[in-house]
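Have a look below at one chain only, the form predicted alone, in structure tokens format.
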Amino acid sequence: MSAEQSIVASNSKPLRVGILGFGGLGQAAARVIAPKRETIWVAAADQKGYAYNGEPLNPDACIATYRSRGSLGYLDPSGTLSSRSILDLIQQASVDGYFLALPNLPNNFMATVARQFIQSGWRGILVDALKRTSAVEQLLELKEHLQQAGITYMTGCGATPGLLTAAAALAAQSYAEIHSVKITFGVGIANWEAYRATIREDIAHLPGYNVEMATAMSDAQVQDLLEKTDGILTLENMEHADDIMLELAGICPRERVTVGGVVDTRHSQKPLSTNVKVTGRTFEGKISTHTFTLGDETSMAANVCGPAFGYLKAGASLHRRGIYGLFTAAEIMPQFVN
């Protein structure tokens, strides 16, 4: 078999995919990935256990078990209860790539999980949808370790950072100089408890709050805050990794990137349209703005999970060619998962 034929053969083999974290985002990821032909969803983990027996997982059964019993560890016959579920799953499962649908709180959690993969000797593709600039900076410190471990890690690959960052990177090509990148998002969630970790991350960006305070808040305290704001969270000048990702890609200094938005925790309809505006100067000296707007009908889950798996497929393409290390959504184009 020629080298070219070998690549075609390897590309035709479905990716065996796992999901770490099974809250609202992890459950949505299961719904997104299960029907795909180019992937097989075989593994998932939560805080108390994991599901894996080598066979494809059923999203309905997994979600029902998690919601009724609190852990995938109770799933029959694939579940295993474990106090170190991620590490046990890494060691037990045959998986090509994982989507880390994990909380971004505490802020060093994603880097801690990355270290577990490095230390375990596992090789493959990781993709996350983390938000904070400082969290990406922690992963950057692990870049050489990931490379040496044979791990291709795609970071900041959700909606923002992710889809909108990539759109900004493309839009920037029309200009000789980028003056500003402004990302504005609207998120509608009918029930905040379906996305507890995400809402806590957003609260950490509010004036008077920080990561430590948001992490320590009980559900009752979160509920009290949402009662005071009528379920609305208005976020401005967030610490969002779009800035460092666009800076690393050489598009503009991070100070020219701003991110903010409105989250409605009581209604599924978006309070405003999600968009990115890239303003710059063309080579002719004209000042102009490109605007990319997401359809209001697309949910936060669709705009996070779809790109995440697209970047996981792109990461698999890199990994097959022996390209390891850390990459961002502004550096690599996602590949559509059929």
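As the structure is a computational prediction, the values presented were derived from the model and not from experiment. We number the residues from 1 along the sequence you see.
Missing here is the form predicted in complex with a small molecule; even so, the following discussion is about that form.
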item: Three-residue site 135, 258 and 292 fully in contact with the small molecule in the predicted bound form at 4.5 Å by heavy atom; value: no
item: Stretch from 218 to 226, 248 to 256, 231 to 239, 96 to 104 whose residues place a heavy atom within 4.5 Å of the small molecule in the predicted bound form; value: 96 to 104
item: Partner proximity in the predicted bound form: residue 275 to the small molecule, non-hydrogen atom cutoff 4.5 Å; value: no
item: Close approach of residue 304 to the small molecule in the predicted bound form, 4.5 Å, heavy atom; value: yes
item: Contact test in the predicted bound form: residue 300 vs the small molecule, heavy atoms, 4.5 Å; value: yes
item: Distance check, residue 325 to the small molecule in the predicted bound form, heavy atom within 4.5 Å; value: no
item: Of 195, 175, 117, 153, the one that lies within 4.5 Å of the small molecule in the predicted bound form (heavy atoms); value: 195
